[in-house]
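Read the single chain below, which is given as structure tokens and is the form predicted on its own.
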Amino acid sequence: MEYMEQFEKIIKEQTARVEAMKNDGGFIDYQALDTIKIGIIGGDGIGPAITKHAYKVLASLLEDEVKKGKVEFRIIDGLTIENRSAVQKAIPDDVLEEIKDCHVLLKGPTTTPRAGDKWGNVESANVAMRKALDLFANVRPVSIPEKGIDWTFFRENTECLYALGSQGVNINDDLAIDFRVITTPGTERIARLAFEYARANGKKRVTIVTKANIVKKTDGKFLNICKEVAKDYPEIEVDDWYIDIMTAKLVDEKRRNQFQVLILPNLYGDILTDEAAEFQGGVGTAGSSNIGKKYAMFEAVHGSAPRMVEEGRDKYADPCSVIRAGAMLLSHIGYQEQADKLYKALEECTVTEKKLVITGREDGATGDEFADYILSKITEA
């Protein structure tokens, strides 16, 4: 039967993937590189409009490093829905080659077609890139000191439902089945990265989020492995919560400031980080990092908003999310001083001073004006 063959194929692919993870090497040392190559990927929709502003800010902060040859920027334009649809691939082969020739990436949003869209059944570029570059950790910080919120989410990026989201099967007209995968090495590496982050940054609590009481095999494995890894970090308190009550506790003013570092499988992480982003102004203000051992990608959390482009409003799109992702990129590759300047400028421009407001329309600032506003704050610092 066709669906049995599909299931057998998935088992073989995932078994091979497990073996590959067991044999992968250590993390790249950016400071040991002669030149750090940073790819700037505009994406599509409002992506090119907002990403150019983040590039402008990064180029200013790293101007001296570029002159010394320590940093090189590369513009990658081909990851548009038009190009992807034309070849019916999530990432065209030539674009993937350009991407793999970089060390870190700053990426604007990309469109993922829905069933029935004119673009065809093209897989998410984000999901494909996470697979191709093995970007196993999606790290999203949310910090609002005045509310006592200081959360860092470690969302596993390459497993769970999203990993096999395009490989489900229709058994018949009445029955469809999708597949979910959780592996031991995949869970171990996201858990260890989270605990290492907690230890390095003086965090006292790590929270594991699952639905292990109901989804016993996969979520049960995720929870048990995270608890096993936790034994190597006895100074850190560990607790676990189910995803449903966790969504409630993030809005509980009496409880939410107790959470610090959270580890989650892919789907739960997607849901919870969007909820968390609302506390700091919505997904339009949130950046995220996608970390692997060889590559890293930093991106805006929100979508490509094609309607804004159709209505001629892309110049009014908010670049804060991808600029914040740029600050995370700077920190990741070892330029913490520049990252701190950018974080401080973002806080002044979006919270404390807030002279310009972006509304997405003519009654608000343009992205270009906002980028200049941020640069002026960096210059003043």
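Numbering starts at 1 and follows the sequence shown. Keep in mind the model is a prediction, meaning the values are calculated, not measured.
Note that the form predicted together with nicotinamide-adenine-dinucleotide isn't included here; everything after this is about it.
K.L.:
Could you tell me if T80 has a non-hydrogen atom within 4.5 Å of nicotinamide-adenine-dinucleotide in the predicted complex?
P.N.:
Residue-level check for T80: no, no contact with nicotinamide-adenine-dinucleotide.
K.L.:
Look up in the predicted complex whether S289 has a non-hydrogen atom within 4.5 angstroms of nicotinamide-adenine-dinucleotide, and give yes or no.
P.N.:
Outside the cut-off, so no.
K.L.:
Taking nicotinamide-adenine-dinucleotide as it sits in the predicted complex, is N138 in contact with it (heavy atom to heavy atom, 4.5 Å or less)?
P.N.:
Residue-level check for N138: no, no contact with nicotinamide-adenine-dinucleotide.
K.L.:
Taking the shortest heavy atom distance, is M308 within 4.5 Å of nicotinamide-adenine-dinucleotide in the predicted complex?
P.N.:
Judged by the heavy-atom cut-off of 4.5 Å, M308 is in contact with nicotinamide-adenine-dinucleotide in the predicted complex.
K.L.:
Name the stretch, out of 317 to 325, 56 to 64, 338 to 346, 31 to 39, where some heavy atom lies within 4.5 Å of nicotinamide-adenine-dinucleotide in the predicted complex.
P.N.:
Stretch 317 to 325 is the one.
K.L.:
Can we say T112, N126 and S304 each have a non-hydrogen atom within 4.5 Å of nicotinamide-adenine-dinucleotide in the predicted complex?
P.N.:
Every residue of the spot touches nicotinamide-adenine-dinucleotide in the predicted complex.
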